[in-house]
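Just the one chain here, laid out as C-alpha cells, in the form predicted alone.
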C-alpha cells in the first residue's frame, strides 16, 4: 500500500474492531459502524477462542485479558442421557483455548480501539452502498452517510453488506438445530477446571462448565423444522421457553435441570446457520470477512477465531499489496481453503447431536467412544496452531498458509 486509505468497517462485534486495529497498524484510517444502539452485555452469551484466535489477540496485546477472564478449555467429557460415560477428547496438559463471554471479548477489543483513537459509531444500521470511481459510500438508516477508499463487511451471517455487494450469493443454510443457554449457579456443584461436560440427553444435547467462582456457563441444542430466525425465537415468551426446556431434559441425569432452574436472567436462544462456500468474497472496493462470508456453526468453537484470523490476514494483504483489489483477491486466496475445511468439520460434529431414536442412540453410543479415541490420536494442530505472525509479509500463495 503506497498511501493512507480510509477504511469503512461495517460491524462492531469481533471481526470489525480487530480489523480496525490491524488496518490502523497497516497505515489505514479505519472507522467502525455498528447497527446496535449499544453493546449488548448478553449478546451471543459465550464463545470459545481457540489457541489460533488467542494468537491473534496476543498480536493485538489483549490476549492475556481474555485468558484471565475466560475458562481454560482442555477436555470435553461426554455422557449419554442415562449418565453413562462415553469418553473424552482433548489434552489435560495443553489447553486448546478459552471460553469467554462474548460481550467481554467485544468490550476488550472496543477498549483497545478507544486507546488507539479509532472512531466507533453505534446505531448505524446500513441501508445501502454506492461505489463511484475510487471511492465507496455507506448509507445508514438515520440519514447519514460516509465515504471511504474501501469497505469491509463484518456484519455477521445475515450480512446486509453481502446482500448489497453480492446479491446472487447463496444464502446461509439452517443446520436444523437451535441453540439456547445462559448463566447459572447451583449450590454444591464443584468447579471442574479445564473440563466442559457434554451430555447427549434423551431428547436434546446439553453442555456446561463450572468456573472457579461457581458461575456456570450452559447451552443446549434441539432440532427444529423450517427456517427460524433469531427474531422469531426471541418473540417466544420466557415462561414458554422455560417449560419447553424443562420438558426436554426432564428425564436426563443431574445436574442438568438444577442448572437450568438456577438461571436467573433470561434464557437466550438463536438458530444455528452456517455457510460453506461462496465463489466470490469481494468487489473492487469492498470485501467480506468472518461470518459475513464463511459462517461456521459453533460446534468446533472456531467462529470467533476465524474472524480474528481474517482481520489479521486481510490487514497484511492490504499492507503488502500495490492495489486494494489485489489485496482482496489475495485475502480470499489465502483464506478460502482453510475456512471451508473448518466449516465442514464443524458441521460434521453438529450432525451427531441429532440422534434421538433408539436405533440412532444405540449406534451413537456404540461408535462414539471409538471416534473419541481416534480423535485423540489425530492432531488438530492444522486448526489450532495456524500461524498468525504480523511481522511476516504475505505473498501470492496457492493454499491456506500465511508466510
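Keep in mind the model is a prediction, meaning the values are calculated, not measured. Positions refer to the first chain, counted from 1.
Separately, the form predicted in complex with a small molecule exists; it is not shown, and the next lines address it.
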Ok, 66, 342, 45, 60: which has a heavy atom sitting within 4.5 Å of the small molecule in the predicted complex? 45
Check each of 160, 319, 96, 285 and return the one that places a heavy atom within 4.5 angstroms of the small molecule in the predicted complex. 160
In the predicted complex, is there a heavy atom of the small molecule that lies within 4.5 Å of any heavy atom of residue 332, even though the partner is absent here? no
4.5 Å heavy atom contact, residue 220 and the small molecule in the predicted complex: no
Evaluate residue 337 for contact with the small molecule in the predicted complex, applying a 4.5 angstroms cut-off between non-hydrogen atoms, and reply yes or no. no
Though only this chain appears here, would residue 256 touch the small molecule in the predicted complex if you measure heavy atom gaps against 4.5 Å? no
Here the chain appears without its partner; judged in the predicted complex, the stretch of 194-202, 125-133, 73-81, 321-329 with heavy atoms within 4.5 Å of the small molecule is 125-133
